[in-house]
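The data below hold one chain only, encoded as structure tokens and taken in the form predicted alone.
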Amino acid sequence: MIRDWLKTIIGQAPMPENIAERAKMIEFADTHHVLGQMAVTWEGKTEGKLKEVLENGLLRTGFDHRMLRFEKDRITRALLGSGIAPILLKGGAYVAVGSKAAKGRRVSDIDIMVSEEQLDQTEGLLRAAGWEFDETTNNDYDIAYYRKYMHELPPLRHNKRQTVVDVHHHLLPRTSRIKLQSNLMLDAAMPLAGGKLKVLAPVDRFIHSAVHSFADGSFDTPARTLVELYYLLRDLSTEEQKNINIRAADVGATQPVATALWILADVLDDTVADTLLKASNAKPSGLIVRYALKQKLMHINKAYSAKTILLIRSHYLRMPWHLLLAHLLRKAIRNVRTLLKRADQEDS
């Protein structure tokens, strides 16, 4: 059923005739943050209550995009005169270039990337402009942990607007088992009009989405991820599509890209992805991982064993076990202390 809903959301299947199924699909799309994409697909083709619901989805997306454009300008202003031209990542990049992947996409925060040499200066300028470490990570341990092991700073939240900026210096953690050549993608980034900000090259935007989904996480938003990958692939020209496999090999992302192509071909019957996968020498993730990915996508609110497999895999890919276990133990102890402190305060 979810496979059919996803095809309807991207316009590859008709709207369900059954009112109850249609209502369930709308609830699914809203819950899993793809209602905006569905609204764009079906704009001008619906009426009555369905039209109102989809229009509401577009209104929310419009608000997100206005927020993003405003914050993009504020980041530019904060870095003015520094010579730093950050690379917008993910939704910020899609909206900035007006890509298919931006149409109807929800955006909650802004991701940027700078070289590691520019990291301290970028942090200082953003903090001077009102961004501060989010309270959940604003402590000596978490800040040191991010700086030593991660590919980004702790999230920075603006002290007035409450908007969040994630500042990356690599696209995967330093300890990741997949050694992505982020510097090659950074070097190929394209300046936006005015030259104050950049975006990854089109093929690299697809590769980054694949890496983020299948080499850096546990497939946390599967429906949104699949729709994003589908549109990112269609943002590419025929020649750029043909270059995906070559570029993926160059930057060390063959398996996550092959996995992205596989899931598009398998779930959405995407012939473009299927052709590219067959033309590649790369292999997608193993059978167990592919099973877990598909189960999590097709049974989003259940599939507990699949979610467990993917969670363990994501931790395995991100860092060695001895570092991970020490980190998780420390976090657990801190959480217990926090709970005990709250209990004492309530008793008093």
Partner chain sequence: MSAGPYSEQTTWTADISKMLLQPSESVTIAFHKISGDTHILNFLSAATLKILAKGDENFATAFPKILDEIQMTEHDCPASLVKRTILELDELGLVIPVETKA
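Positions refer to the first chain, counted from 1. Predicted model only: the values in this text are computed from it and were never measured.
If you look for the form predicted together with the partner chain, you will not find it shown, but the lines that follow are about it.
- The chain is drawn here without the partner chain; in the predicted complex, the stretch among 251-259, 200-208, 235-243, 70-78 whose residues come within 4.5 Å of it by any heavy atom is 70-78.
- A single residue from the set R66, K45, K283, R290 has any heavy atom within 4.5 angstroms of the partner chain in the predicted complex; that residue is R66.
- Only one of the listed residues (L180, A129, V114, A223) places a non-hydrogen atom within 4.5 angstroms of the partner chain in the predicted complex, and that residue is A129.
- Within this chain, I84 is remote from the site of the partner chain in the predicted complex, having no heavy atom within 4.5 Å.
- For K196, a non-hydrogen atom is located within 4.5 Å of the partner chain in the predicted complex, even though that partner is not displayed.
- Of the heavy atoms in K160, some are within 4.5 Å of the partner chain in the predicted complex.
- Remark: A189 does not count among the residues lining the partner chain in the predicted complex, judged by a heavy atom distance of 4.5 Å or less.
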